[in-house]
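Quick setup: one chain, the form predicted on its own, written in structure tokens, and binding and motion questions come after.
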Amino acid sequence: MDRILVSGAGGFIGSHLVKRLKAEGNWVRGVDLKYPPFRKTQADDFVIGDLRDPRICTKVTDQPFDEVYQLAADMGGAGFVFSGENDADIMHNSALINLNMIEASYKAGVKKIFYSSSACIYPEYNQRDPDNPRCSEDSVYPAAPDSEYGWEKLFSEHLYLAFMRNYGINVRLARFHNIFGPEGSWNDGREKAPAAFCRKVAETPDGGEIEMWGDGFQTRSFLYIDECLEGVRRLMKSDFIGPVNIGSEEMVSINKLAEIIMDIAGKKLSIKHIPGPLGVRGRNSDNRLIEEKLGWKPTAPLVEGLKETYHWIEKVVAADKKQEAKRN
């Protein structure tokens, strides 16, 4: 039984990771500003605390954990990251968390630490063609992320690698590409495209209209949470440091994403294209390195993960409507 710390354990990926780690038989401590919002945490111990405070980081790393997973960050979907209104908080809060957690982990004698970076670090100039984005791990420089979120992630990658070089702490780095699934943000302004469109489709009667930012020809790939966790665990068990992409190579336009969700719901809706924050024109995971180093890459079809996500959001929307009807 390994003793493991998950920071950001109240969030979407963190809460799913805790569940997986417990299923594998580990002892798990979680830490976050809040408990998971959609189900009770499965962590053996859960600390409510602000990791921007170095005293909290010291408190939760009170033993030489076998593994630490540093997932905590101030983040969200395009509406949160690309509006420009949250740039200072994103950089300040996430940088503080990482500075505190890597130092506390090193001082506590943590054996291995995982850091979740992001595909947002890749240069905007390599992602202007929606049909041919370049996101191989070695394409990061010259650096030109499309957001302050991406710049902070790139800084923090260097931070973890510097601690590894200078202090010998064992580090693993992965760049996530649009992770989605049930029990994530879906209506709080931080939701990503799959959850946002699942919500819009679930809330809109057949024959109605939903809104979409941009022309819908921008492209992305989306990775279901279970495959994300499989990649993370394989990386942690390997001798490969990273950074490495953990994402799907099944690239779709945002128009196509919405159409798949409509098909799952059995609805025919029209799309109204409106101005809004978009990010890069195209992005897709390049999985050559992960297949080479880990002998594995994500392969599950996008539609399968969207089915799980849509049906979960559909139930949550129905429950919300029922509660609102009772109040009225």
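All residue numbers are counted from 1 along the displayed sequence. Note that the structure is predicted; figures quoted are calculated from it, not measured.
The form predicted together with nicotinamide-adenine-dinucleotide is left out here; the points below concern that form.
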Residues in which of 178-186, 160-168, 127-135, 200-208 have heavy atoms within 4.5 Å of nicotinamide-adenine-dinucleotide in the model of the complex? 178-186
Report whether the minimum heavy atom distance between G49 and nicotinamide-adenine-dinucleotide in the model of the complex is within 4.5 Å. yes
Partner proximity in the model of the complex: K153 to nicotinamide-adenine-dinucleotide, non-hydrogen atom cutoff 4.5 Å: yes
Any chance I274 has a heavy atom within 4.5 Å of nicotinamide-adenine-dinucleotide in the model of the complex? no
Test of understanding: in the model of the complex, would R172 fall inside 4.5 Å of nicotinamide-adenine-dinucleotide by heavy atoms? no
nicotinamide-adenine-dinucleotide: the contacting residue among A78, L71, A104, I254 in the model of the complex [heavy atom, 4.5 Å]: L71
Partner-free chain; cross-checking nicotinamide-adenine-dinucleotide in the model of the complex, the single residue of S147, S117, Q218, N86 with a heavy atom within 4.5 Å is S117
In sequence order, the residues of 245-265 that place a heavy atom within 4.5 Å of nicotinamide-adenine-dinucleotide in the model of the complex are none
